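Below you will find one chain, with nothing else, as structure tokens; this is the form predicted alone, and questions on how it binds or moves follow later.
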């Protein structure tokens, strides 16, 4: 018998069908056994009656076993219909159960009502806890975020490419990189596809990538991890950094619209509301942002080179109160605080044309205009104390006619965390990597060969 997906069972009332999936819930009531079965498409309740040929097997089936089920799709009596849940108008009368993969006794309850694990336990048992509806909802939202980024980029004629994860030099010019042994040479895990996307841009004009990037930041905060999914875009022939801001704003707006449209059930289940984006997102220079913070709180951060987490939270609260926006752009950072390729403001070179987008007090996006002049890039490399030879391939592209250009990057995990109101970015990461964890807590993992 051909398998039917659970989401389609409502079309087969009165018919005998075959489904395959997992046992989510098992309830013994007298001589009957009730189950909730799930597959990739949804959930349905099944009942094994006392005289069913499947009753003996049903008594031995554990939660999370993979099963093949045969049964008749029955309409529920009107008084038992639950319009708020999937398949709330039907029930599967089970006549046959075949166990495809037997589950051992679970170490803890992962049902919707019984799941109450701390984050450490949840991550230590990621292979099991991913089956919980809450985690599945989180990562369905994240999948739509990434897909929507791709969709919008392609709709705007951006070309997709994949940047390498191993690089001979660091794009950001900092020390927070993972150095690796590359045969008998020194190499690094990429901090960013930045240099590569600028190179590819010189051939295709508009480019984007969805890449894993690595940051060796010695921090254990709730919003930093060492391996992230970076959503990057770069575009040529811009007139100013505002063109990049506008493209990034439209990209974020599209992502939010698609999440709202495609993940309504997940958002409701998680109790999440999408952040508010106005028709025109408030945009402030760093100096203006610091003045606002001082005027509203009396805390003087004027002249600081960047916004710290407290500044970002306070600025969000100010902007939210003034405009209703959950987003704010901040631009015009001190030039020496940003990577060598960021374009200095021609009228005030001490400040650059880089920008950040904050959402609900946390940075989502960074970007801006880049330097496209070869000689200016060489001068910046000298000032930043970087060796031109290490970025020779990058520089070669800029010797041969590069237009004014810029780009931006979003972090998929941080976007997921902020959209869903999660407390820790690890909740928004399938398999988090940080200072203390590579799948398992590093202190709990024995070194090989007694090392």
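Positions refer to the first chain, counted from 1. Since we're looking at a predicted model, the values are computed, not measured.
Here the subject shifts to the form predicted in complex with ligand AMO, a form of this protein not shown in this document.
The stretch from 48-56, 404-412, 62-70, 28-36 that comes within 4.5 Å of ligand AMO in the predicted complex, counting heavy atoms only, is 404-412. When ligand AMO is considered in the predicted complex, residue 215 lines it closely, a heavy atom lying within 4.5 Å. In the predicted complex, ligand AMO lies within 4.5 Å of some heavy atom of residue 425. Although the partner is absent from this view, residue 371 stays clear of ligand AMO in the predicted complex, with no non-hydrogen atom inside 4.5 angstroms.
With a 4.5 Å cutoff on heavy atoms, residue 364 counts as touching ligand AMO in the predicted complex. Residues 197, 225 and 228 are all found to lie within 4.5 Å of ligand AMO in the predicted complex, as judged by heavy atom distances.
Comment: ligand AMO is not present in this chain, but in the predicted complex one of 202, 209, 192, 148 has a heavy atom within 4.5 Å of it, namely 192. Residues from 332-361 that approach ligand AMO in the predicted complex with a non-hydrogen atom within 4.5 Å are limited to 341.
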